[in-house]
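Below, in structure tokens: the form predicted on its own, a single chain.
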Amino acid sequence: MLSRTAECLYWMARNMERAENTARLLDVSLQMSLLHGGGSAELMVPLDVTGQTESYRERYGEPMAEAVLRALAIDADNPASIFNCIRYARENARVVRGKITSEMWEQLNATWLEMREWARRDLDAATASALLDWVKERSHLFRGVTYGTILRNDAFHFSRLGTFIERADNTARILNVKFKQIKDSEPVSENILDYYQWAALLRSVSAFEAYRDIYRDRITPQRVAELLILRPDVPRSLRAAFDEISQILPNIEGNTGHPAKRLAAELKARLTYGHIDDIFAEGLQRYLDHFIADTTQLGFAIHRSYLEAA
């Protein structure tokens, strides 16, 4: 497969996953800000996770709910907005229409056309909730139609690779930002943050029900970290993402990609044999900082091995 084609497939899927992740984070943060009387701390979370705090302040000033929503959801001048993530996904799909199914193209094209209509509307609390639910639904549809219609060849593998690299990076960043509110020396107990904050974090990655099924009683930071880092049966955990990535890379045709495969295997082994007590002994923030840096390096290795023209 040509590197240009692989790159478009990879970023098509990655941008759709990014749009969904941003929608999830915005939805939970806006609800939490309302719960806390419009406080700005929760509104800063999606800006910090997506690395847009400085650019937001330059354009909008202090974080306000409507401004944060506009900046991250429909601002055409923000390269990382949901609006542009969907636009980039559709543009990449257009380039590789011959490599994807007609159902995939029609789904992405319809999503983009409807996203433009959303961007023309005035967003308030009610319409914002509908928009964010719609983004999550369209992302689910895209993954479903991809999994259900495309041949299991390199086009499928690069699309899945983009999804799980983006998911791992996003989950690690959400955890990192939320846990930075806790001092490393502070005792780990249920009193560190209130129930609603931890529940919101779990809901932002669709893991609240999973937590209740596994642990049943009170929510603690250590259990939340264990669930979202080490559990292989939680779809948005780091372990689950790297289980997928480690299966995808060897299935890509050709003999290239040894650095990417080696780094992915190292990260998977670290997650497979890691223990939450050791992670907290090292310092959770330090662990997540290293993990995010390693995931970024893996992204670079994938680009060098598969996506850059020879």
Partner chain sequence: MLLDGIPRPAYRAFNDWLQPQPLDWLRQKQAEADTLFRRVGITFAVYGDESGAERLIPFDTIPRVISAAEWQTLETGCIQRVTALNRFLHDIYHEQHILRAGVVPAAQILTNTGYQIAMQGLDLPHQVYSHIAGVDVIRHHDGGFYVLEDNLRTPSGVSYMLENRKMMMRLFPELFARHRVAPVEHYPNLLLETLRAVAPPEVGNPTVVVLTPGQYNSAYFEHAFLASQMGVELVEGQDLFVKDGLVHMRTTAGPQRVDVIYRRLDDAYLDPLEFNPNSMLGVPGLMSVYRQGRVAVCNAVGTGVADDKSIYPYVPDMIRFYLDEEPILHSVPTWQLRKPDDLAYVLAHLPELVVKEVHGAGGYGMLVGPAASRAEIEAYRARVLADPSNFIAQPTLSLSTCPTFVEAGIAPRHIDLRPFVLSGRKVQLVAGGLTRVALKEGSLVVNSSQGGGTKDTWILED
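Numbering follows the first chain given and starts at 1. Please read these numbers as outputs of a predicted model, since none were measured by experiment.
Below, we refer to the form predicted together with its partner chain, which is not included among the displayed structures.
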Inset, instruction - Among 154-162, 213-221, 127-135, 172-180, mark the stretch whose residues have heavy atoms within 4.5 Å of its partner chain in the predicted bound form. - result: 154-162
Inset, instruction - May I ask you to check whether Thr256 falls inside a 4.5 Å heavy atom distance of its partner chain in the predicted bound form? - result: yes
Legend entry - 4.5 angstroms heavy atom contact with its partner chain in the predicted bound form for Arg203: no
Legend entry - Trp198: touches its partner chain in the predicted bound form, heavy atom cutoff 4.5 angstroms: no
Legend entry - Asp233: touches its partner chain in the predicted bound form, heavy atom cutoff 4.5 angstroms: no
Legend entry - Residues of 4-19 having any heavy atom within 4.5 Å of its partner chain in the predicted bound form, listed in sequence order: Arg4, Thr5, Ala6
